[in-house]
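What follows is one chain in structure tokens, specifically the form predicted on its own.
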Amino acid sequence: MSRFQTPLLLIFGMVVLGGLASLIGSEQLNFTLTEMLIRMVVVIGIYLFVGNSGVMSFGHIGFMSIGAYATAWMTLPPEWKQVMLTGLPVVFQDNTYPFPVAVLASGLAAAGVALFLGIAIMRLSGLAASIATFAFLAIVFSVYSNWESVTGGTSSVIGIPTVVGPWIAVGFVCGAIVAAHAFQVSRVGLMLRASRDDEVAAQSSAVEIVRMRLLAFVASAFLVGVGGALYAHFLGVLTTDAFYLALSFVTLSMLVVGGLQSLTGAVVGTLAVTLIVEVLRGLERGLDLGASHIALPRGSQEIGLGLALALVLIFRPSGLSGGKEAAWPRKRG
């Protein structure tokens, strides 16, 4: 039972969070909570690769973009696609698919790209691998920004069914938690973490590092692609700018603040960064104190997040979780 403590505690926390939001019933709170939970799916997906392999990836938001546009191609009304997305294959242009099918296909599309890409990138290590993943992000952004007949280019893709609410997001977060935990306690996960801690010793123990990293990279891309599909069905509109540097910075900040080397860190970091951003966003809007209106200057969110990230790296490099997983309190005595 002890090995299931972490996922059970995290899932329980997500259910409680969803329940509290339902009781309060605030539309703004539900919007913020849903967006946070979708980002949590993405951060857990990034953790699955980065946390277990020790290789920092700056390109995972590219997989989120792939997943988001893939689900749009499958769920937009045909009459809209036939006018605006004329370059789509007939199988997409003339048909619509159910939400579950579209989300699954979006994850598989991202995983397929990751498999093709990872065969080359996973042979690299350290800074070279990180730069290669950033190059992938830049390529995806450039292609999607200019492929107007398929992605709409820099124009917005509208009309995507908005079916994702707080409880659907909670369900997907719980699924991501289970998947990430199952991976990290599996044989592949254990071997991958061994290579993270001591690559030479792992190689001498016959660990196929490239293969282990590739498996984690593909599984990670699948979760991030699913997160992209959820994001599309949450907002109902897509633009290529939404899946580039700003979102990359925020999601990586969530992982670093929480702790790179634990699943609990991915969850805690997402909660903490969302809280910081929302507080600063409220202060940017300002407070009325008597006859005075006090507000922080625009851009304070980014400054505050940068300061929080710097403070965590200086005073607690292992993140808020300390690199440890959530567990039931132990009885003393």
Partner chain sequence: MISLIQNLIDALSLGSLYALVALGIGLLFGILRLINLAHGDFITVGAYALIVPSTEAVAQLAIGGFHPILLLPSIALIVVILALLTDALVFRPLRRAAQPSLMIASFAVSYIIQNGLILIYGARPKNLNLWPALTGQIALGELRLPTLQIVTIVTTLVLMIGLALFLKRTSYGVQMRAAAEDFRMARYLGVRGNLVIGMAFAISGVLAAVVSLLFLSQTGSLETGLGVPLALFGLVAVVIGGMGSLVGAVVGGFLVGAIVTLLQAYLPVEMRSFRDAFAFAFVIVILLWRPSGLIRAKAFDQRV
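What you are looking at is a predicted structure, and each value in this text was computed from that prediction instead of being measured. Numbering follows the first chain given and starts at 1.
Heads up, the form predicted in complex with its partner chain isn't pictured, but that's what we're talking about next.
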property	result
Triplet A128, W147 and G299 all within 4.5 Å of its partner chain in the model of the complex via a heavy atom	yes
Interface membership of L313, its partner chain in the model of the complex, 4.5 Å heavy atom rule	yes
Distance check, S205 to its partner chain in the model of the complex, heavy atom within 4.5 Å	no
is_contact(F136, its partner chain) in the model of the complex, heavy atom dist at most 4.5 Å	yes
Contact flag, G282 vs its partner chain in the model of the complex, heavy atom cut 4.5 Å	no
Proximity to its partner chain in the model of the complex (heavy atom, within 4.5 Å), stretch among 225-233, 80-88, 104-112, 117-125	117-125
Listed residue that, although its partner chain is not shown, lies within 4.5 Å of it in the model of the complex (heavy atoms), from L76, A219, V256, A169	V256
Contact residue in the model of the complex, from A194, A132, I209, V188 (heavy atom within 4.5 Å of its partner chain)	A132
Members of 242-256 lying within 4.5 angstroms of its partner chain, judged by heavy atom, in the model of the complex	Y244, L245, A246, S248, F249, V250, L252, V256
